[in-house]
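Below, in structure tokens: the form predicted on its own, a single chain.
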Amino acid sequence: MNLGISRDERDGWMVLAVLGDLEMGSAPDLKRAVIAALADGADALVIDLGAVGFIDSTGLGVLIGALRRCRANGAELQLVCAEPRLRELFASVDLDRVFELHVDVAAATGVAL
């Protein structure tokens, strides 16, 4: 299944808004989108998981890979994840210690929309 990913630039931040389930079949779509954003010169990236209903271990792996790629390229990565069920998932595998989870894009970027 393909993942819907929209790309928008907001005050120096590249925002990738994800729609659908982030799982084994669709996670490569997000990986490609992150690689493309970094290749296009993004140095501040937000992945907005606001419209994601489910994340499996492959999806979490892609998010960890995105963080590693951003760090390797000197780029910043922020995640938007307001859904309590998904926030619990991040906490259950200690990824809430790795990622700061924001409630919306404005909170992630510090830029009022």
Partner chain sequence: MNPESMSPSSAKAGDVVLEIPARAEYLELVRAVVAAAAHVDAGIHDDRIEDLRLAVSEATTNAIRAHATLGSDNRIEVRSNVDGDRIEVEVADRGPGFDPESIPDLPDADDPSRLLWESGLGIPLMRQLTDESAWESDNEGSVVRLIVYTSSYLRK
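Positions refer to the first chain, counted from 1. Being a predicted model, the structure only gives us computed values, none of them experimental.
Heads up, the form predicted together with its partner chain isn't pictured, but that's what we're talking about next.
Undergrad: Is its partner chain close enough to G50, A107 and T109 in the predicted complex that each of the three has a heavy atom within 4.5 Å of it?
TA: No: no residue has a heavy atom within 4.5 Å of the partner.
Undergrad: Could you tell me if D56 has a non-hydrogen atom within 4.5 Å of its partner chain in the predicted complex?
TA: It does: once its partner chain is placed as it appears in the predicted complex, D56 has a heavy atom within 4.5 Å of it.
Undergrad: Look up in the predicted complex whether V103 has a non-hydrogen atom within 4.5 angstroms of its partner chain, and give yes or no.
TA: The answer is no: V103 has no heavy atom within 4.5 Å of its partner chain.
Undergrad: For D40, is any heavy atom within 4.5 Å of its partner chain in the predicted complex, or not?
TA: Flag for D40 set to no.
Undergrad: Would you check, heavy atoms only and a 4.5 Å threshold, whether D11 touches its partner chain in the predicted complex?
TA: Close contact is absent here: in the predicted complex, D11 is far from its partner chain, nothing within 4.5 Å, heavy atoms only.
Undergrad: Of 56-92, which residues get within 4.5 Å of its partner chain in the predicted complex if you count heavy atoms?
TA: D56, S57, T58, L60, G61, I64, G65, L67, R68, R69, R71, R85, E88, L89, S92 sit within 4.5 Å of the partner.
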